[in-house]
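Okay, here we've got a single chain as structure tokens, the form predicted on its own, with questions on binding and movement later.
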Amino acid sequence: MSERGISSAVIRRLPRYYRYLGELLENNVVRISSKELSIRMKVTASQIRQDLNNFGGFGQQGYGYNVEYLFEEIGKILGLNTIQNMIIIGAGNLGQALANYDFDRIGFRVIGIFDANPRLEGLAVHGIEIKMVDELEEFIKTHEIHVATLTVPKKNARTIASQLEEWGICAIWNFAPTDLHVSDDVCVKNVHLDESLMTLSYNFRNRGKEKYSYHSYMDD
């Protein structure tokens, strides 16, 4: 199975397929056609078939897709069939919220939380004691960590990212309000919560303008 030349758009859709298939499994659905899946996901059946054909197809004409098999195969493609240890750097509200989330179900396990604030040292979040950032390098190398989550202020993010790369981190899930620019050897996913909310703001304020108008505080 060659994954060369697969578009980023296809890769972005894979987690949606995985989520919907997981919901089907929970509802004891054994098989589903591309048409039925397209109705649930609001994408075309041809798009689904094209996406999955990038990885071998998985369907049978006249039968459709075996839900459990397709769920497991997409999980393997996404690398979710093995547990990947992960650390969180930044133990503020967002960092602690992420530490409490159940990422184990998708193959990630938080085993370390770090911060620069000495008042947080030793406090436990989801059973994990917060450590100081000066312990990061040793922890990463001792536990062979390859994935790090950043929930630190903008001013610190790029410096920390450079250090993480130097210490062997291969993937960074970045929640700091800045884009990280590291070498091609490190995969980065920048998650900007503000931008997501601003997009939502635009969409709901411009949806069906003929039906209603709104008054903004900026008009005052």
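Computed from a predicted structure; not experimentally measured. For every residue, the number given is its place in the sequence shown, counted from 1.
Below: the form predicted together with the DNA, not depicted.
Asks: Establish, in the predicted complex, whether I32, S46 and G57 all lie within 4.5 Å of the DNA, using non-hydrogen atoms for the distance.
Replies: Spot residues vs the DNA: full contact, yes.
Asks: Since only the chain is shown here, I'm wondering whether S183 would be in contact with the DNA in the predicted complex (any heavy atom pair within 4.5 Å).
Replies: No - in the predicted complex, heavy atoms of S183 and the DNA never come within 4.5 Å of each other.
Asks: Does L200 reach the DNA in the predicted complex if we count a contact as any heavy atom within 4.5 Å?
Replies: Close contact is absent here: in the predicted complex, L200 is far from the DNA, nothing within 4.5 Å, heavy atoms only.
Asks: With the partner left out here, check for me: in the predicted complex, does some heavy atom of R19 sit within 4.5 Å of the DNA?
Replies: It does not: once the DNA is placed as it appears in the predicted complex, R19 has no heavy atom within 4.5 Å of it.
Asks: So, in the predicted complex, is Q50 in contact with the DNA at a 4.5 angstroms heavy atom limit?
Replies: Residue-level check for Q50: yes, a contact with the DNA.
Asks: Okay, which stretch from 172 to 180, 151 to 159, 186 to 194, 33 to 41 lines the DNA in the predicted complex, with non-hydrogen atoms inside 4.5 Å?
Replies: Among the listed stretches, the partner-contacting one is 33 to 41.
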